[in-house]
Structure formats: structure tokens, C-alpha cells
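This document opens with one chain alone, in C-alpha cells, the form predicted on its own.
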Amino acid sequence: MSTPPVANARLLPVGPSGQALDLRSLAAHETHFGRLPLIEGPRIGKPGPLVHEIEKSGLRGRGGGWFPTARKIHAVVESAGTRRAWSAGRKPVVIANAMEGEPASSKDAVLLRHSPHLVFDGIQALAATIGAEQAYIAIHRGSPVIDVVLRALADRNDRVTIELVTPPARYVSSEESALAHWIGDGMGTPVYGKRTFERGVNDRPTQVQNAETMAHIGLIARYGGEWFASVGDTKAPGTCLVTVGGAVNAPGVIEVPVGTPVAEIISRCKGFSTEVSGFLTGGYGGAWVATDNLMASDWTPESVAAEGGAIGAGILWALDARTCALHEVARVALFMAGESAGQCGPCRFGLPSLADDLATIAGKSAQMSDVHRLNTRIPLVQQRGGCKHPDGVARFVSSAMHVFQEEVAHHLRGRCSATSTGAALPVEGMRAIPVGLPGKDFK
């Protein structure tokens, strides 16, 4: 067994110069990490023994929900656990979600550029643990990491072949039931009334884990749960990848132990490049937090939530105070309304209405009645959708109205404190292909 990685560079190992190592080839990967050990399979209704190490590790999914990984593993195996289910061809399916539907996120792309085989090892270890014979990695169509992944997959000779699928580059296409729907039926839209761990790809129990989570599983399979939990927060052990963007001097993806002070994360990125008016946490389905509040907090799901934020997919975006926050929020809300699958009322009608209200408030002729109308509409969107998309947008909007309430007051008086008209948050290039386009691959 190779020497375990150091605390702050587990997923993105660095060399003596401090630069990330290039582990795209299988030979380089195995030289650094060693070979993946043999993983024992499940018994009927019970996962293989690796699940006990994952339980000891305390690993929580890094895709947005931070749900305990071991519980998801147990759920899918129990769903597939009857002899009747196995004999009927309902063996589980594994999907690694590297879609990165959040436009402000790039952590999974960076991980795959530098350590693709660690993700593949996690897929193989998980497939063996739950008895899956089919495995997929999903990356949005047109992603520049597709070529890297294809070359890395060609290096391997795994027990379970990993198939690359490339659903449309749409926000809702990265939702786990939408991925299972795409792989099974060629439709990248969320599915109502089915729990993916019970009835996912072609109605088979399906385990969906984020690419970063898969990479952590690949490490736990080598070094064990206690090693994994030796750093990080007691409620959320291990390291995590954070996409830091906006008004910092060195934006990018960094790896830190969960629980690292936010001030230290900003310091790792060489500090602020200008005055900051607030933080966006978790992306466009996340929430805004006041600068001083978050700078005094730690980067854990619970600590960030206590300040009104959400770690989500590991996004920390510092908004330049020279940019109008309300214009940015209105622009993103319009984008998110367009990213809807259009399958339910809150998305089809509610989100465009929120975007319209925000556009009015972002102008200089808004009235208090416009603010009241927006605040009345937000609860009508929440917890009424077929998926969590409208909930995320409502949280994004409502938190902005709270954090930037002084700017709202300026606009109601016909003023704006911004000195820059440039766009800050990325929304471009995500809608090249319709959600419902048939076909499962990128060719």
C-alpha cells in the first residue's frame, strides 16, 4: 500500500514545487496511490464490507446535499436485496455525477483533469460493494474534460466497464433522477414519483454519487475510514473541493479540510481583489450571506447554514461591491427560469414571474409594491415543484433580498450604488442543447 496522501492534498496531490501532480495516466495514478485493493461484493440485502469503512469515515456526499454516503449505499442494496429482484435482472446501477450543472462550479472538472482514475476507482469500489454490473460517468455535453476522461478510460481494464454519457448542458439535467432518465430513456428531465435508489435506470435500483464523492470512496477503499476522518469537521469529516470565484486575487479550485475558516480559504486565494458586498454560497441553488458574517464562520454545512448560506456543491463566490447586486440576481434568476424542465407550475410560471419582479426592482423606477409582490410570490414557489429546482431559485432570490436590502432601498429611491455595469456571475453557454433531445452519447 502506498503512503496515504497528506491532509490538505488528498484529491489533488501536489509535487515538491506545490503544483498539482498530473495523474491522468493510469501508471502515474498507481505510482502515487497504489492499486485499488480487491473489494468484496454484497450478500443479498447487505452491501459489501467496504460500507463499514465508509460508515466509519463519516463521508457525506459532495454533490450538494451532503447526505451520508453509507445510508445511500444501504438504501440501494436493500431495494435490490430480495432474491426475486436479483433474479428479475434488477441488479443495481452506479452513476458518477460530474455534470456540474452549477455554472459557477468547476471542482469536478478540475478533479477529472488531474485525478480521473481516483474517480474511476471510486466507481469500481462502489459497484463491487453494491453488486452493480453497469456503471456510468455523466459529464455535460460539450465539456472540455470529455477527451481527458475518454483517454483515461481507455487505459483501464476494469471488472465493470464505465460508460461515459453526456446529457445536455442544462441545470436540471444534473439532478439524479434526470441522469437516470437520460441513461434509460434519453430524456434529461427529473422524474416525479420515483425514488432513484429504488427505481432509477430502467426501473433498476440506482446509486448516484457526485464525482468528488467517488474519489473519496477510492481513497477510503485504500486507507480506511479512520484515516479519512482524521481531518475535517466531526460532523462532516475529510477534505472538500471549493470553487472560489469573484473578487479574489487568485480564483480557482482549492482542497481544504471541512471546517476550515472561510477567512483562511480567502487567504489561500490571495485575499480580496476589491471591496466585497456579499458572498454567494452553493451556487445558483444556494444562498447569499453577508460578508462579515461568513468571514467569521467555518466552511461546514452546519456553520454556513447558521449564517443563512448553503455549501451545496462547494461554491464560494465573492461579489465585487462595484457591481450592482440586484442586476446580478435578476440576471441569474432569468437564466434559472430558462433552465427549468417546464414540467410543473412553479417552474413554468413561478420562476419567470420572480425574474420579472427582480428585473423591475433592479431598475430605477421600482415601487414598494413591486417588492411586496416578489415577497408574496416566493412562498408560492417553494416546496411545490416536482424537483428542487424552484426551491433553490427561491432561496437564491429571498436571501439576496435580505443581504442586499440596503441596495433595494437605493433602487426604490431611483438610485444604484454600483459603479460598474459589467456582468460578474457566469451564466453563458449552458443552453446549447434542449433538455429533451434524444440520444445518450456525445457523438
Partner chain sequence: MSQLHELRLDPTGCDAHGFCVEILPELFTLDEWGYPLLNTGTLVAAVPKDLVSAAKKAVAACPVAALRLEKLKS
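Residue numbers count along the first chain shown, from 1. If you're wondering where the values come from, they're calculated on a predicted model, not measured in any experiment.
This next part talks about the form predicted together with the partner chain, which is not shown.
The partner chain is not drawn, but in the model of the complex it has no heavy atom within 4.5 Å of Ser417. Taking the partner from elsewhere, Phe349 is found to have a heavy atom lying within 4.5 Å of the partner chain in the model of the complex. In the model of the complex, the partner chain sits beyond 4.5 Å of every heavy atom of Ala229.
Contact check for Pro42: no non-hydrogen atom falls within 4.5 Å of the partner chain in the model of the complex. Considering the partner chain in the model of the complex, the lone stretch of 65 to 73, 46 to 54, 32 to 40, 380 to 388 in range is 380 to 388 [heavy atom distance within 4.5 Å].
Distance criterion of 4.5 Å from any heavy atom to the partner chain in the model of the complex singles out Gln343 from the list Ser273, Asn293, Thr161, Gln343.
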